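Quick heads-up: it's one chain on its own, the form predicted on its own, in structure tokens.
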Amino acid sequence: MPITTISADFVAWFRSVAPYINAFRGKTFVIAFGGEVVADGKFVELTHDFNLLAALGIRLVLVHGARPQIERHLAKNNLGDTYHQGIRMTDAESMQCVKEAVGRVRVEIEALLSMGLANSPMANADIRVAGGNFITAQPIGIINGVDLMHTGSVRKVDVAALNDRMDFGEVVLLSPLGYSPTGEVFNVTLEDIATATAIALDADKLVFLMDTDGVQDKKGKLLKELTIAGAQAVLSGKRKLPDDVSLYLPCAIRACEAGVARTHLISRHTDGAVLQELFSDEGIGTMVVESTLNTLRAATIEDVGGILHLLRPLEAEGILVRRNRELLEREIARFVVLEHDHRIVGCAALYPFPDEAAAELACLAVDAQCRNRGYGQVILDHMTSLAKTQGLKKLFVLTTRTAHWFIERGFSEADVSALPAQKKSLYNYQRKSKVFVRKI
């Protein structure tokens, strides 16, 4: 590939992540990962991503697990690994193994986060790791006659202490342990700690690294975005879900219901998964949100820049007639914009001709990265409804390249003479745009 092409691709990519960098600075992310990441030797790559997030001014809370390490310690000490209703039972001897395993994993993670090798992604890194008794736990107690002993659940999160550490620019590392006011230590699951911490901090994002790519539908297609209702429907369905989906999806629902803006379920096996999920519109996993991220609304003067960003490539190709900023500002009341996660991804304008009960649909555009998601249809349906509310009877468009798209949606080709008189007088015979009309 020519150097100029590589440079152009790099510049385009770097510019595309700028909105995320601006949006994420100063935000709080809670990222949870199992002990498998450390056991598999994959944590080195993950430290590079954490270093980048910290360098961008993101407040990080990392929550690690230690299941494989605990299992090895139990086996080494000839202790059984006993579960009751999917919950590990932790007696006094097992608890000693838990503490040893968690301590070793934590030390290894802190060592890797302390790297600063020259000519590596960690060069000049200054990650200071904070730890402490931030999690107050309580025993789960007796379930159906079985005492789970030192297995606990989160009772309280020390939000003030966590914020103090992050205010000092430190990355907080939480282990799967909790402490009681009586001085006891409890074995707590990483998902419980991560979810409770994200809720207590009112975090902007909660991220779970898991074995699968995310949540899939019945046909095996990855579900990129789920509302709370959609996630609950997945859980209540009859099909068997992967173990990690059954484990983490309820946590995602719980977090979003409690006010966490976004919860992401992504694969731990994909290098750079955290960056690909957080800094791209497509993402590579499943994002769970309270409600849909799409908002269709009337445009305002502040949207002119976003609209121009959508229209300029189409104008350069000759698909749309060029409109300058001044014209857009004057006609902004004619426009609607479609936002996805607060980013403008589509727009259109409606120009009514009330004397002839007609309206022109113009400037229908969708961001190139967001096509094939049905956004164009959503905008068309909205503009059709808007025209109906104004008592108009037909909708027409002028197009040079997208004839079939409109034909597939009920438009019929018509002669220029079918245009309203005012529009007909402005018709550009050099462009030779085709006219399509649909009754509404």
Ligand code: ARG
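A residue's number is simply how far along the shown sequence it sits, counting from 1. Take the two forms, superpose them, and find the largest set of C-alpha atoms that agree within 1.5 Å; that set is the rigid core. None of these values were measured; they are calculated from a predicted model.
Unshown form predicted in complex with this ligand; subsequent notes refer to it.
*Asks:* Only one of R165, R254, H264, H73 gets a heavy atom within 4.5 Å of this ligand in the predicted complex. Which one?
*Replies:* Here the answer is residue option H264.
*Asks:* Just one of R323, K205, R88, K99 has a heavy atom within 4.5 angstroms of this ligand in the predicted complex, so which one?
*Replies:* Looking at R323, K205, R88, K99 one by one, just K205 meets the 4.5 Å heavy-atom criterion.
*Asks:* Does G285 reach this ligand in the predicted complex if we count a contact as any heavy atom within 4.5 Å?
*Replies:* So G285 counts as contacting this ligand.
*Asks:* When the contact criterion is heavy atoms within 4.5 Å, does Y427 count as touching this ligand in the predicted complex?
*Replies:* No.
*Asks:* Would you please decide whether S280 lies within 4.5 angstroms of this ligand in the predicted complex, comparing each non-hydrogen atom pair?
*Replies:* Taking the distances in the predicted complex, the answer for S280 is yes, it comes within 4.5 Å of this ligand.
*Asks:* Considering non-hydrogen atoms and a 4.5 Å limit, does this ligand approach K224 in the predicted complex?
*Replies:* Yes, K224 sits close enough to this ligand in the predicted complex that at least one of its heavy atoms falls within 4.5 Å.
*Asks:* Report the stretch among 227-235, 156-164, 256-264, 330-338 that approaches this ligand in the predicted complex to within 4.5 Å, counting heavy atoms only.
*Replies:* Going through the listed ranges, the match is 256-264.
*Asks:* Hey, does F33 budge by 2 Å or more at the Cα between the shown form and the other one once the core is superposed?
*Replies:* Comparing the forms between the shown form and the other one, which are aligned on their rigid core, F33 does not shift its C-alpha by 2 Å or more.
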